[in-house]
Every structure is written in C-alpha cells, then in structure tokens.
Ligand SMILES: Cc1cc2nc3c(=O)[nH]c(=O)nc-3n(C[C@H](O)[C@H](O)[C@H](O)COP(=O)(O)OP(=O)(O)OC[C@H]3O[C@@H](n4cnc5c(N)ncnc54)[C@H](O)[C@@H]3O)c2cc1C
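Form predicted on its own, single chain, as structure tokens, below.
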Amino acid sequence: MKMSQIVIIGGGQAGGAAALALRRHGATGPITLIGRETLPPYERPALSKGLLLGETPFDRLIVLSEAVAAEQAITLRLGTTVTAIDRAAQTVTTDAGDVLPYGTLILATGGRGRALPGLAPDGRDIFAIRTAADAEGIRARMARSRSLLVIGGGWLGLEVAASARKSGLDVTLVEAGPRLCGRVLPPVVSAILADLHTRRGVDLRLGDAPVSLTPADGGVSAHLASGAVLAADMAVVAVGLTVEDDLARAAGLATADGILTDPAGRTDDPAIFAIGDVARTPHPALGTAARLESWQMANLQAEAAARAILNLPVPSAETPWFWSDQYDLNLQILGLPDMAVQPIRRGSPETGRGSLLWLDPAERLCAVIALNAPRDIAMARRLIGTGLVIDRPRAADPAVPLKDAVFRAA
C-alpha cells in the first residue's frame, strides 16, 4: 500500500515491532524510526535476568537490526531525540534541528525509571535499570561488589535481586509496601515470593520506605523511614515507571498517565497512534482503559496499529499475559486476577508448583496465576473466553487436566 511517510518515535520493542508489522502487511511508503538510544530496537525483559547475568548476548534481544532495517527500507535515526510535534503541519522536530514530515505518526516512547526524591541514580554506585546500558553498568559494578541494595519489591526489583544472589552477592531488598508485588498479586503469591527470596538469602525489609540513598565510603548508604541505616557496595532503584507522554501532552493529545487511545492505538488525532508502555488502551478484561506494561502488549499493540494504519481488520484483544523468572521459579499470569475474589487452588502453589484459578460470576475461567505450571497456562489459553463452565472440584485436582475440568457452555 503506497502512502505518505510513517514516522515512529521510540526505538524500543514496540517501535521496532510496529515498523516490521507495517512492512509485513504491505506498507510501501517511507518509514522512519527515531530512537533516543544509539542501539537498535530491542526487547527489555532480559535486562534484569539473562543480560544482567551475562548469559544472554545483546544480539539475541534485537527486534530490528540495522541490517534488517536496510533490507526492509526502514530508516533508523538512532541517538536522536524528538523535541516537538507540530500536529497542524504534521511534522516532528529533533534535537539536531531537523524537521521531518509525517502522514502517520506512531508514538512508542515508553517510559523511564521512576525517580524518587533522595534516591537519584548516579550510574556509578546507584543505578536504575531501564536500558541495556543500565544493565551492563550494573553487571560491571556487580563484578567488583560483594553486596547490593535493591529499592523496590516489584517484578524488576525481585528479578535483579535473584540475579545478584545467583552471582554471589549479599542482597538486601527494601519495599515500602507491606508485601511484594502488592498491586498485582494476591497475598498468597506475595508470600510465596517472600519465602523464595528469604530462603535464597535475600534480606527483605518490607513496610519500610527509603528516605535517602547516598554514596558513602566507596559504596552506598540508605536511610529508611524506620530510622534504620543500611550500607552496601551498590544499589539498584526499581520503583516503577514514569511514562514518557511529555511530547504528546505538549502537542495537545489526550493523556492520563499515558496517551489515551482506542483499541487499535488511535489517539484523538486520527494521524497519530500510540503503542507500548505509553499507551492507555481499553481492555475488555478490565472494562476500562489501562496501561499494561508487558512484552506481549508491546507486540500486540504494534500489530493492531499497523493493521489499522493500513485499513486492515484489527484482531480482537487477547487475554493479557505476563511472566517472571526468579531462581528456579517460573511465574506466569494469564488474565487480570480480581484480588477481591477467592481463587481455586490447584496443586500446591504454596510450595511453588501449582496454580490459582479465578472464575467470573458465571463460573467461567477468567484468570490464572501459575507457578512452575506451564501446562495450566497453555490449557487456560484455550478455555478463557469459550463460555465453558468450570467444575471446581476437578479444577482443583492437579491429576485432572484443566481442559477436562469443565461442564458446559454457559
């Protein structure tokens, strides 16, 4: 399909996937991807795991290499920051002063590591972890450290803690909330993760907020709200994401902790789409719009936007899926569990091998958290959305395949 230039702002996974999807579905006009980092678009999940441990080479993370971009006639402008969007003129301006016209603009600007007062990373002893350069810096500092302080008990902080323990460092993790991953996990799973990390030697400090983090004596010193003072050789601050919607807000697009879009990624300007971590998109499972920060969503939203831009049918929304690997635990979440609903316990999730199943009011499967139970996730993918009613006693029995724990269509 011949069309005017498509400009993609954001050189991460979503931006790279969108460029490739556009070509795959027949876009023949110019495509330019502008990225702030000097590296080509890459996936981020391994930053806190394989790349941090030196087990996964960076090349395996690349979504859109410079060679493939050249083959696909996709122009990469890396190491470049867009400073302004002119919606009336349909142009973007870069920090080099270049003005690029667009027919369609895709915003895939993602986010940056959330900063807290008194906890600013310095890239020497105190680190954030959002980019490959961050991960490489942490790995180099870990190689000459014996102890690590992790600020934040969410997914990223827990994965960094696990990687550091596997590397032989003493690890202390500070989380301001009363439990780990408290916003997304039920208490039983938070407790499983706490037990896992404690057994692996992590010193967990829950319910105690850090007040300051400063370099001290060749390492770092952290002052907590309780009055405790912690010392370590280095620290990683992993307290969430600040969405990069500044460009969109300055251009007058509708935003609310992210850029508001329809299910295909369209903003309130028909020439502009938003995808990835920056996009706040309607989700049927929630009944409202949300930002779902995940590898899966980056790919699905890139695909949906590419299809919409090319006037192709956009697939229905898929069930949200997320995973985390910590030590020998593989944790997967399918759907969006309702913390107010008591789940079915299948197997022995408390021991790290089993699942929690959530049913909707009609007794249909709507969400699963699986711990070292990938088959349950595979079966749940087939069941969610089918209308089949779950037989609770059979679903709780790990000897019964999940696909056989059903009654009939509701």
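Small disclaimer: the values here were computed from a predicted structure and weren't measured. Note that residue numbering begins at 1 and tracks the sequence as displayed.
We do not show the form predicted in complex with the ligand, though everything after this point is about it.
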Would you please decide whether S355 lies within 4.5 angstroms of the ligand in the model of the complex, comparing each non-hydrogen atom pair? no
Is there a heavy atom of P45 no more than 4.5 Å from a heavy atom of the ligand in the model of the complex? yes
Report yes if any heavy atom of A14 sits within 4.5 Å of a heavy atom of the ligand in the model of the complex; otherwise report no. yes
Although the partner isn't part of this model, could you tell me whether V82 comes within 4.5 Å of the ligand in the model of the complex, counting any heavy atom of the residue? yes
Which of 208-216, 268-276, 249-257, 225-233 lies within 4.5 Å of the ligand in the model of the complex, heavy atoms considered? The stretch 268-276
Which listed residue (G111, P320, P121, P337) meets the criterion of a heavy atom within 4.5 Å of the ligand in the model of the complex? G111
Which listed residue (E66, D360, E37, E350) meets the criterion of a heavy atom within 4.5 Å of the ligand in the model of the complex? E37
Residues in 130-144 close to the ligand in the model of the complex, defined by a heavy atom within 4.5 Å, in order: R130
